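Quick setup: one chain, the form predicted on its own, written in structure tokens, and binding and motion questions come after.
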């Protein structure tokens, strides 16, 4: 059975501040998607939140970039924004950068991860959702999952994986892409994705038969709007098992709290803390950045009940390390490397502060 899995997110208002999502917003989204399921437009759906971001997880048979699916998501976000404004939620509708829908969500603000694929005999999928960071935050975990044999044993001992994986990398500044085969081009891959503010992994597929395993959202809100309007808070999903990394190998990519860009005002580096759903509510310095994961066992397009994958106690040490790193970085205050470098800061509110001092500079 061929299905499309679409994960679409948007920040349409925080409760309180940027820390969480209001239950009324999630209820509106659930009712809308339930109606679409009742009409047969959707096979199944699940609505949740990561921090202040509304997450729509949907299965259907309309393919990738379907205008009707995207229009439905856009209308859902618009209706939720109306409620957010009524409740005076912070940053109501901040991810909706355009006034009218133009046939596709690309360049409109919401983050989108989608794949169309033939459902296998058993189809485990892990959906990752992040808050207070950018799409490049997925770079290291995906490298660990699909290119690092010290993290994923299957790269060595599973004959179906031994041929390696191909990474589709997007240059989000120049709007270009390149495909790199690993392990052959692993150093070329690292040369790019080590700059996560510019080069972002969009897809990963098994090289031998082009079986797609990964889709991520790559929207950079500041590049679309030309100024800081909130952090991107990306999503991605990873298919697992049967010639792909096992569920445990996928999750191993988050066994350490990688340092990512985002956190307070989208202007600071912080630890990427793996948490359960109930703890995906960043509040200390509006953070630190969080990642949560829901596991689904797809069956004929039905999602079934999710498992809260990163709630597992085996990630307690990673959480402790994240808190320790948060303390270390916070002591730096406004100094780099806690504060982002000048290239990234150009899209924040800092240039307005510098502008006030421009005429006071004198030649030395």
Ligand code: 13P
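In this text, all values refer to a predicted model and were calculated from it rather than measured experimentally. Positions refer to the first chain, counted from 1.
The same protein also exists as the form predicted together with the ligand; that form is not shown, yet it is the one meant from here on.
A.B. asks: If you check in the predicted bound form, is residue 92 within 4.5 Å of the ligand, heavy atoms only?
C.D. replies: Judged by the heavy-atom cut-off of 4.5 Å, residue 92 is well away from the ligand in the predicted bound form.
A.B. asks: Using heavy atoms and a 4.5 Å limit, would one call residue 263 a contact residue for the ligand in the predicted bound form?
C.D. replies: Output for residue 263 is yes: heavy atoms within 4.5 Å of the ligand.
A.B. asks: Although the ligand is absent from this view, report whether residue 246 comes within 4.5 Å of it in the predicted bound form, heavy atoms only.
C.D. replies: Close contact exists here: in the predicted bound form, residue 246 approaches the ligand to within 4.5 Å, heavy atoms only.
A.B. asks: Is residue 228 close enough to touch the ligand in the predicted bound form, meaning at least one heavy atom pair within 4.5 Å?
C.D. replies: Taking the distances in the predicted bound form, the answer for residue 228 is yes, it comes within 4.5 Å of the ligand.
A.B. asks: Pick the stretch from 47-55, 61-69, 327-335, 313-321 whose residues have a heavy atom within 4.5 Å of the ligand in the predicted bound form.
C.D. replies: Every other range fails; the passing one is 47-55.
A.B. asks: May I ask you to list the residues of 100-134 that have any heavy atom within 4.5 angstroms of the ligand in the predicted bound form, in sequence order?
C.D. replies: The stretch touches the partner through 131, 132.
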